[in-house]
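There is one chain below, alone, in structure tokens, taken in the form predicted on its own.
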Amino acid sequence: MTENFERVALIGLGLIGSSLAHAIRQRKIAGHISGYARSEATRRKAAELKLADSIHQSAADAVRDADLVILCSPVGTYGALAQGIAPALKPGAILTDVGSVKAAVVRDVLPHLPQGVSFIPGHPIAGTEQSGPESGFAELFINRWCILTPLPDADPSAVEKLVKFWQDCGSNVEIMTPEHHDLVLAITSHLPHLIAYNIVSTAADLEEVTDSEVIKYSAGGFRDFTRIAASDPTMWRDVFLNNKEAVLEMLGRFSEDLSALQRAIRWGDGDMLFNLFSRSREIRRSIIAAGQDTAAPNFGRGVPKTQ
């Protein structure tokens, strides 16, 4: 595979940033990887893992001369980062990100950018509940979707280069507007995380059920919620604060459906419950058929990272 970019800068070296570093190096997508992390401990660990060819103490130094700059930190940091790196971005560079919300990213980043820089927001829909530079692996993006949300005046050639970048990382690429992205992700990702956090919190607050019982009998379904709820709290705080309208819309719909389910249980409406569960089962089967999960039982043990 030939190099797409002479120099790629990764701003943030957590799960996504470190996984990109592994993928870029393994597939020879760039000649030089530069990296930046806010904390000295993360920079030390990234250097130890050889995630980048150069690791910098400032984001501006990391992006200097880079052809592609990828913001890989929590979305709440993007505005300040964009302001800090703007003077160092070279003309013709592509700036993108990996955040789980898009309209807020456009709002926070675009005003700071100089002329001649192509800003193409992006979101690889891939991840685990792990975080930190040691959690990354090159296969994270294989057969996963990456959504790009270029603005109406985006340079088509820059969009094409970024599409190829993500394809070379193993992803399938879809293009949509920032607003539509935020609505889709509110129901497929953001609301499930909110529910998981709340269920775990509710269990922790139950006085009639001990913590040891919650842990002991967690295979009853609670375990799967705890995996989601173990995700990076900083990242998810920023997601909910920056996609509040779409999340509140989906939460309202969910609450209405939950009330209907509550009534069905109260009044013994078995047909309604059976039909709902059957439809939900078909959705699960469709996800497996699309290659977005495996049907193999694992019970939390020995799942290959590429699945």
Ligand code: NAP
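These numbers were taken from a predicted model, which means no experiment stands behind them. One rule holds for the numbers: they count along the sequence shown, beginning at 1.
One more form of this protein should be noted, the form predicted in complex with this ligand, which is absent from this view; the next part is about it.
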(message) Please determine whether each residue of 22, 34 and 64 possesses a non-hydrogen atom within 4.5 angstroms of this ligand in the model of the complex.
(response) no
(message) Quick check on residue 38: any heavy atom within 4.5 Å of this ligand in the model of the complex?
(response) yes
(request) Tell me, yes or no, whether residue 150 is in contact with this ligand in the model of the complex, where a contact means a heavy atom of each within 4.5 Å. (result) no
(message) Given that this ligand is not shown alongside this chain, does residue 128 nevertheless sit within 4.5 Å of it in the model of the complex, heavy atom to heavy atom?
(response) yes
(message) Using a 4.5 angstroms cut-off on non-hydrogen atoms, would residue 42 count as touching this ligand in the model of the complex?
(response) yes
(message) Looking at heavy atoms inside 4.5 Å, which stretch does this ligand contact in the model of the complex, given the options 198 to 206, 169 to 177, 108 to 116, 131 to 139?
(response) 131 to 139
(request) Select from the listed residues 72, 104, 95, 146 the one whose heavy atoms reach within 4.5 Å of this ligand in the model of the complex. (result) 72
